[in-house]
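Let's start with one chain on its own, the form predicted alone, as structure tokens.
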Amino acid sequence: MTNLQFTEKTAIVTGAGRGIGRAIALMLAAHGARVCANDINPASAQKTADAIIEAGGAAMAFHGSADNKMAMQTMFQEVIERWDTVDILVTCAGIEPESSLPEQGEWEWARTFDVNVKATFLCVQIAARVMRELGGGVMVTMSGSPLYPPRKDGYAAVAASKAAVAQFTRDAARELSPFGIRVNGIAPGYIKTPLTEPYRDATGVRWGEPDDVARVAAFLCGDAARFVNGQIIAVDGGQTR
């Protein structure tokens, strides 16, 4: 990938233990970024950090749920204490309810919004305060497209939460732009991750790899995208054309 260099840049990636988050963390590190790999699963976060270090990069793992304000504040503080800056934030933490809509409990709906929406808000807010003082930065969220067909029973909560993230992303971009902060979103289509494995046998769709999303995330984080702001980029093989 040309004109992509993150040397001396520090990135935080939530949900970096597996799937898209892990691919993005590895991609940013491969191009020079120091990466904090966050995940609710400590072993998964450490595995991603170890992979970066073994490849010659700089990384740290941070265990904590992205919807926990105190944990996220601590994470940012530890990253700044270690590397003095946070230049990039990519929010990949996300969940999908297991039960169908008629059986879905209120707690499942609320938990979906906590992890998919509240966590995005908290991390963007904390990062905005840090980046504002540092003179700028870049953020990438994982949202969704209202044009996607339902993937499975019970997907309504995910669809609603991702729509909320998409609109939040656009408004965050507008509000933070005067501080030199860009905020864009990615709407992944059918991507082969542990989260999508239960419906991998879906017919009539094109399946992508986590690296397909990671390459777009890296572009959005780089200088080549310096005039791209407030956009939701579909990475779905043309599913929403």
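Predicted, not measured: the structure shown is a model, and the values here were computed from it. One rule holds for the numbers: they count along the sequence shown, beginning at 1.
The form predicted together with a small molecule is left out here; the points below concern that form.
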- Message: residue 111 versus the small molecule, in the model of the complex: is there a non-hydrogen atom within 4.5 Å?
- Response: yes
- 4.5 angstroms heavy atom contact with the small molecule in the model of the complex for residue 65: yes
- Task: Verify the contact flag for residue 177: yes if a non-hydrogen atom of it lies within 4.5 Å of a non-hydrogen atom of the small molecule in the model of the complex, no if not.
- Result: no
- Message: At 4.5 Å between heavy atoms, is residue 218 in contact with the small molecule in the model of the complex?
- Response: no
- Query: Only one of 93, 122, 157, 131 has a non-hydrogen atom within 4.5 angstroms of the small molecule in the model of the complex; which is it?
  - Reply: 93
- Though the small molecule is not shown, can you say which of 30, 195, 58, 51 has a heavy atom within 4.5 Å of it in the model of the complex? 195
- Message: Among the candidate stretches 93 to 101, 77 to 85, 131 to 139, 167 to 175, which one is within 4.5 Å of the small molecule in the model of the complex when only heavy atoms are counted?
- Response: 93 to 101
